[in-house]
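First comes one chain, alone, set out as C-alpha cells in the form predicted on its own.
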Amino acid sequence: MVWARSSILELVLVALCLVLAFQAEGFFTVGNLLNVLRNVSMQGIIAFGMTMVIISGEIDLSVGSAVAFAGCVTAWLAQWLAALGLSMVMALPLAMCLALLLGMSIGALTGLIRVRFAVPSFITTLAWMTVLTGAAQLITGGFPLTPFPEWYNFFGGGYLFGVPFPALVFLLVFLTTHVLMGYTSFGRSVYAVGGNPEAARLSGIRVGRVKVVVMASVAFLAALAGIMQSAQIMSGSATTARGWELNVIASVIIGGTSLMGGEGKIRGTLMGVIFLGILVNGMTLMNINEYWQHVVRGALILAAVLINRINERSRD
C-alpha cells in the first residue's frame, strides 16, 4: 500500500501508455517515442533546475523569457563577432558561452536580491520575465535573427548514436542533478534550507549561498535550453518559449515536489516531464482538440497538487 502510494505517478504513466498503445495509432513506435523524448528535452532540462529551486523554497517565473533571450543573445553576438572578423566557427561557440554566462549571472543576481533585500523570488522573476522579453525584442528588432551556419542545427535537431542530441543533454542533466541532490552535502543543504531556513542557518549551512546557487543553476539551464531551441529553429526569436515556465512548474509539481519547499525528487520530475510529454503526444495522435488539451493539463496539475497534499497529511 505504501509502495503504491509513493509510486502513483509511475502506475498512472504505465496505464496511460497501455491506453495509448491501443487508442493512438503509431504511439508505440521507436520514431514516435524518440520524438516524445526530443520534444520534452528542453523543458525537461529546465525542470530539473526548477526542482532544486522549488525544494529550496523559491520559484522562477522567468525561465520561458530567459530561453528566448538566450537564443536572441546568441544570434546577435554571433552576428556581431562575425562582423568584427571572427569566423563563425569561432564566433558562434564564443557567443554560446557568453549567453550561458549572462543567463547564469541573471539568476545569481535574482538570488542576491532575495538574500540581501528579502524580495520574494516570485516578484523578482516576474519582473525579469518582462525585462527579458523586452530585451529580446530590442535585440532582434521584432524580427528573427538568422546568422547561424548549417552545422549549428545539430545542437537542436541533430542525432548522436540514433538518439536526438537534446535528449542526450536532457539525460545528462538528469543524472547530474539526481546525483547532486541525492548524494552530496549541497543537495542535503538545499533540502534543509527549503524545509526550515532558520534551523539550516543554525546548523551552519550558508542559506544565502544555497539560494544564489540554485537560482543561478536554473537560469544557466534555461540559457542552455534557449541555445538548443535557437539551433532547432535556426534563428534567435523573441516569440519562442512562451508559457514554458508554466509547463516546467507543472512537470515539477506533477512529479511530487512540494511548493512549500523542502520536499521533492529529481526522479519524480523526470516522471512528470515524461508523463506530460506522453500525454500531449497521445492527445495529438488521437486528434483531440488543442483547447481540450489545455483543459486536461490544467486539471492534471490541480489533481497532482491535491494528491501531494493528501500524501503529506497522511504522512504527518
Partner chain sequence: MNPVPQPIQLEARGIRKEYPGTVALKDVRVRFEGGKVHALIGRNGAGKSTLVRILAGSTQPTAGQVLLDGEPVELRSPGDAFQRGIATVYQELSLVPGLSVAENILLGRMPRSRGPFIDWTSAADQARAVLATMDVEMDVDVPVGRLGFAQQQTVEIAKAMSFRPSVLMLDEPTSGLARHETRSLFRLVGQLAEQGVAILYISHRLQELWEIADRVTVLRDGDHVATVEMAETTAEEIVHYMFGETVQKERPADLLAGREPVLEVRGLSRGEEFQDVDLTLHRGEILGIAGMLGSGRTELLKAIFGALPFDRGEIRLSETTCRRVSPPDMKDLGLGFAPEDRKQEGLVQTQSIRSNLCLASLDRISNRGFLSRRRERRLIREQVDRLHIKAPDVEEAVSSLSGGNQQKVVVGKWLGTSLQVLLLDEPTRGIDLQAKQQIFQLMWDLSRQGIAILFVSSELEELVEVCHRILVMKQGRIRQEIRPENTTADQLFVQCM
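Residue numbers count along the first chain shown, from 1. Small disclaimer: the values here were computed from a predicted structure and weren't measured.
Keep in mind the form predicted in complex with its partner chain is missing from the figure; the text below concerns it.
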Quick check on this chain: which one of Met90, Val179, Cys97, Leu172 has a heavy atom within 4.5 Å of its partner chain in the model of the complex?
Val179
Just one of Leu160, Leu202, Leu101, Leu138 has a heavy atom within 4.5 Å of its partner chain in the model of the complex. Which one?
Leu202
Looking at the partner-bound form in the model of the complex, is Thr130 within 4.5 Å of its partner chain by any heavy atom?
no
Partner contact for Asn196 in the model of the complex: its partner chain, 4.5 angstroms, heavy atom
yes
Its partner chain contact at Tyr191 in the model of the complex, heavy atom, 4.5 Å:
yes
Heavy atoms within 4.5 Å of its partner chain in the model of the complex: does Tyr183 have any?
yes
Could you tell me which of 66 to 74, 270 to 278, 244 to 252, 257 to 265 sits within 4.5 Å of its partner chain in the model of the complex, going by non-hydrogen atoms?
257 to 265
